[in-house]
Structure formats: C-alpha cells, structure tokens
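A lone chain, given as structure tokens: the form predicted alone.
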C-alpha cells in the first residue's frame, strides 16, 4: 500500500508540471552514445510518447554519428574531422544521406510507433523541413558538403503536432539549389527550437549536466541563469567541450526559446524526471 501511495504522490507532483506545459512544444536533441544504447533509447522514446499523451508537443531532432561511422567503415570511406566537424565529401554525403536521413530516421519513427505512439519521419526521403546553405568556417577551411540550417518549414511540423504525431527530423538539410548538406545535430535542434518558439530545448547528452567540477558528477548545477552561466565560463568552471554547448544554449535563449536543458540520456526516464519533477536530474539554463 505504501508503494502505491508513493506512486500516487509522484503523479500528484507531476500534475502541476503537466498542466503548466500542456500544449507547449519541446524539442529533444537525440544523438551520440544514446542512439547506440538500446535500453536507454527505448526509455527515452517511451518518455517522448508519455509527453505527447499528456498534451505536450515533443519534436525529435537526431544525429547518427556512430551508425554513420560504421557505414563508412563498411564502405571503406575514411572519416575525416576538421575542428570537430565531419568533413563530408561526395562519398561520405551519400552514406550520411542513406544512414542518417534514411535508416536511422525511419528506425526511430518505427520504434515510436512500435511502443504505442504516433510519429512521422521528416527527411529528404519523405517530406523535408530543414533548408540551408553550405557552412563556411572563419578559418577558410572547407568542410565539403556540410551545411547550416537557415530555414525551417514550421507549417509541416506544427501540422503534425496538431494531429498528435511526433515529428522525427534528421540533422540533414537541403539547399535552394537542391544540394544536400550534413548538419551538426546540436545546431539543427537549435534551429528547429527557435523556429517553433519552443518552450524547451533538451540536449540528451552522455554527461549529467553542467558541473562545478567537470570530473565529479555529484557537483552538478541543476539551475543556471544566463548571468551565472557566463560567470562560470569566465571563472573556468565551465571548460573544454562544455563551453560551446553552454554558449549555444545561451544563444538559443536569446532567440525565443524558453529554457534549455542538458540531461544524461542514459539515465532511465531522464526526460520525465527533468520536466515533471521539482528538482530535475540535469541542468536547466534560463534567461
């Protein structure tokens, strides 16, 4: 009986958050090691289905790094990176188009359906919603067929949300000239969140959030204002790879997104725990 009462208490705690975010859009960036962890991925997709069921409007934007690397190895194409971004030549582009915009995108859509939700894959193989142009680095180095999103077709995404379906979007865009481009999944998710004026943008990561000590998970900071985040960058507490992620979060907040979250996607039901509990399990960054 006590266990049943505890479950009821959890539902009551969640009710306030459910009412607050009902009808609001949340963009979820899915990628990295989470996509390769079958158990973690299943729980994330169940969380997405729950969110839609209680009236939130989740949108999934995904990468596919490890699946792409495996496919490149099978095709004997050597991966090359410049400043952390994948150099995309003609052969690599074909693999990325097939694996990221095709196989991974369809797999995630099918899994949501299999688990009881409703989803629609939106890619260059079906209905494309991301449009962009070639990315040019300040250094002048060429990344090949790597792009940045300049336009998002809101009407298609919002039409699916209105009919209670989960849009599933790969980080792959099309130019006005019909050329396709490989896009960084973080920046693709940011573009979608900004275009939709999302209430939340959630980065599912392989770390539990922003930490005072980057090597100690117990030093996680659950809530950060923009001012506090900039101070932690200046003091060196936010360092190395977390700096560009936090700076991207701050840029997104300045463009109409309500809050940005960094959450460990490997933690079971981390999405629900972050959104529907008072303390959360990751880091929430707000304006």
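The structure presented is a predicted model; accordingly, all values stated were derived computationally and were not measured. Numbering follows the first chain given and starts at 1.
The following text describes the form predicted together with a small molecule, which does not appear among the structures shown.
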Contact residue in the model of the complex, from 122, 173, 185, 193 (heavy atom within 4.5 Å of the small molecule): 185
Could you spot which one of 68, 249, 59, 257 gets a heavy atom to within 4.5 Å of the small molecule in the model of the complex? 68
Thinking of 29, 85 and 146 as the candidate spot, does the small molecule come within 4.5 Å of a heavy atom on all of them in the model of the complex? yes
Quick check for you: of 101-109, 175-183, 158-166, 124-132, which stretch puts a non-hydrogen atom within 4.5 Å of the small molecule in the model of the complex? 175-183
